[in-house]
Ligand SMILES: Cc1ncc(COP(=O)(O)O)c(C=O)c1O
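Coming up is one lone chain in structure tokens, specifically the form predicted on its own.
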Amino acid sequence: MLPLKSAFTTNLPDDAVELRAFTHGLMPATVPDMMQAFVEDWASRGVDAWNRIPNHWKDSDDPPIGWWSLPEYLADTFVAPAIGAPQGTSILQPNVHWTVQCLLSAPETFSEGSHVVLTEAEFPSVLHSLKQWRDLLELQLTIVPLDESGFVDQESVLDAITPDTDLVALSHVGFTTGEVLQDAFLQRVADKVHRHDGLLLVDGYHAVGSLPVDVVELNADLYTGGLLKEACGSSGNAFVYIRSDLELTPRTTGWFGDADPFAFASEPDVHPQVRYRFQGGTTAVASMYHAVEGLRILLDAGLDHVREYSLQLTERCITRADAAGLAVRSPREASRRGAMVILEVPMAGKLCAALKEHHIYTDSRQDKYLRMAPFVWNSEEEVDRAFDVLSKIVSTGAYRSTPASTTEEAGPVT
């Protein structure tokens, strides 16, 4: 039954309303025990933990696992069910930025041309990476502007795909709007780019954990994302799904992705499984112990139920925002709305800082957007408390005089 507050733990004040699932949500209650398991595995096994550790995630030792195999084991066991991926097609990654670098470094990605289609709303891990590689690879970027409402101009994206297009990169859920690109549209994009032998990369960072995903049905070639945000994990844990028949040989592959890493040969040897080629140097182990603890909670609850509850809470946010005369930037239609509600307000940074003083935790972007994401640990009563405080602060305009020192003390990550 939702809400699932008892599955998470926090030392925030008792009256706190945590609405930042899109950045770093509450800690799953199992994390301390999992981190203690890492300590014990390291202390009792030392280097042998790379070969074999107890299975702390499932009541089974089949297959046997060790630190070496955790990236694929955790991806197959927990990430794949969350995104509808076949076994053997996903692997954990340190972050989405690394995944994008691997893709752009693979000669197969631009073997036929150099045209890329994306929108101006892509996250820097994608947008900045493509711009940074543009000169080196002589890429031709078509960056599609948003429509008049600030959402993805879907027909313009489709029109931008030409016979020369090698890659289309899109966010499944927009990080500045919370807009969900629906399956039918992503399928149309995939069909069109595939007709020209191009690839579709979907950034699902704000989708995984917050709504059901089926990467096979989307016909995506690569689907990447992280377990830090709505998937309720922490940093150092991302993932990539790679279509099973896709051949890619990233130039950035490290020794963990070599076909025979312990040969320590003078020449690299391409691993027979493509997903392993997206590994770099020595894997960070500790972060993987808490990687899927939030995802386990969400999968047990059922992602359909998580999605339904999230929509219920965000609908309440929109109703309260309308009553307070606040401008809603997120889509109002449930099918197009992710877990976020974004309000457009002046001096959003100061408003965010003022709310924090009342133990209402939101965040701001570009000093004009206030973002909130009531999630599985929140109740409708908490949403109402947040908006009671927000409405009062905005109506009086008191937040505009929040001292700069207060905002600065809050730090750059809100």
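Since the structure is predicted, the reported quantities are computational estimates derived from the model, not experimental observations. A residue's number is simply how far along the shown sequence it sits, counting from 1.
Keep in mind that the form predicted together with the ligand is missing from the display, and what follows is about it.
Trainee: Contact with the ligand in the predicted bound form for residue 289, defined as at least one heavy atom pair within 4.5 Å: yes or no?
Mentor: Contact check for residue 289: no, nothing within 4.5 Å of the ligand in the predicted bound form.
Trainee: Looking at the partner-bound form in the predicted bound form, is residue 175 within 4.5 Å of the ligand by any heavy atom?
Mentor: Heavy-atom contact with the ligand at 4.5 Å: present for residue 175.
Trainee: Closest heavy atom of residue 205 to the ligand in the predicted bound form, within 4.5 Å or not?
Mentor: Residue 205: contacts the ligand in the predicted bound form.
Trainee: Even though the partner isn't displayed, in the predicted bound form is residue 96 close enough to the ligand, meaning a heavy atom within 4.5 Å?
Mentor: Judged by the heavy-atom cut-off of 4.5 Å, residue 96 is in contact with the ligand in the predicted bound form.
Trainee: Report the stretch among 317-325, 190-198, 70-78, 122-130 that approaches the ligand in the predicted bound form to within 4.5 Å, counting heavy atoms only.
Mentor: After filtering at 4.5 Å, what remains is 122-130.
Trainee: Note that the ligand is not shown here; using its position in the predicted bound form, name the residues of 220-238 with a heavy atom within 4.5 Å of it, in sequence order.
Mentor: Going through 220-238 in order - heavy atoms within 4.5 Å of the ligand in the predicted bound form - there is one hit, 229.
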